[in-house]
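Only one chain is given next, in structure tokens, and it is the form predicted on its own.
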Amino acid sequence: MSRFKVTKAVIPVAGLGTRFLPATKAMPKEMLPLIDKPVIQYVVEEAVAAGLEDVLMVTGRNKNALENHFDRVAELEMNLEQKGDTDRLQKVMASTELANIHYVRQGDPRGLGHAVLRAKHHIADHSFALLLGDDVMDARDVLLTKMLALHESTGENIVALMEVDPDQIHLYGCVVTEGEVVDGVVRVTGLIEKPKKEEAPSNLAVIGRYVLRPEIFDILEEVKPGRGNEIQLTDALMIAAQNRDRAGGVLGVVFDGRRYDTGDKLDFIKATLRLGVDREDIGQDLRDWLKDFNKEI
């Protein structure tokens, strides 16, 4: 097995989901449904589709619903089986059998970098994939598989990038690049967390997929709290980008597929509609309704 072969995924899910209050007052934001599956299941399914069946979720308080979703529910399963409702039974069992899922608490909410650090003992000295729970990538568009292959072949840290409107760059981490984008890949030499439009070095934003070397843990332990008094993963990646001998450098994969930011209310609605219109069971009816609704507005 290659030294940089990745078998484990980390998914931080400790956020409070304040943008979706009051819906998230008693329910984790990751459990909000896109059609009939919670957001978190789409993310785990993406990891599994890329060959990563060992998943660690970094959780916080009031996240028990996440564990329950991926656990067995014997009474429900028995009820569906007795009714002969095999279709719904299969859907219920799918989340249970999806992956080997582990959980660790973040404790103090000290930023994404701190959440990643909580995975250190589980990951040990192996590379790993990091998937942010707010970002759902359409299963028809390849991203994570390409990132894993690039990491295995180069040994570098890999970040997912997307071109965004310059007016929106202040909402993201932004990268400094060297050279041209070749086959969707570019060298990253610096990162800036949520820069002002006039200070942004590019319109390439970091989105929620990473493949990281284990050296990132040592760097995160040295990083001082930055923006928002939190430990920023962006700061650690900046050090990695500028110290290739120590941590392998950073490459960016530019993604031009379908990404749904489920942490934003408007994007959440768009994601529901975009996924819905392509469903075999409801797609045509939804398309017809949208055409009629468009006439009303």
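All residue numbers refer to positions in the sequence shown, first residue = 1. Fair warning: this is a prediction, and the values are worked out from it, not measured in the lab.
Absent from the display: the form predicted together with a small molecule. The rest refers to it.
Stretch 188-196 is the answer when you ask which of 115-123, 188-196, 141-149, 92-100 has residues with heavy atoms within 4.5 Å of the small molecule in the predicted complex. Residue contact check for residue 234: one or more of its heavy atoms lie within 4.5 Å of the small molecule in the predicted complex.
At a distance threshold of 4.5 angstroms between non-hydrogen atoms, residue 259 is in contact with the small molecule in the predicted complex. Taking the partner from elsewhere, residue 128 is found to have every heavy atom lying beyond 4.5 Å of the small molecule in the predicted complex. Using a 4.5 Å cutoff between non-hydrogen atoms, residue 156 does not count as a contact of the small molecule in the predicted complex.
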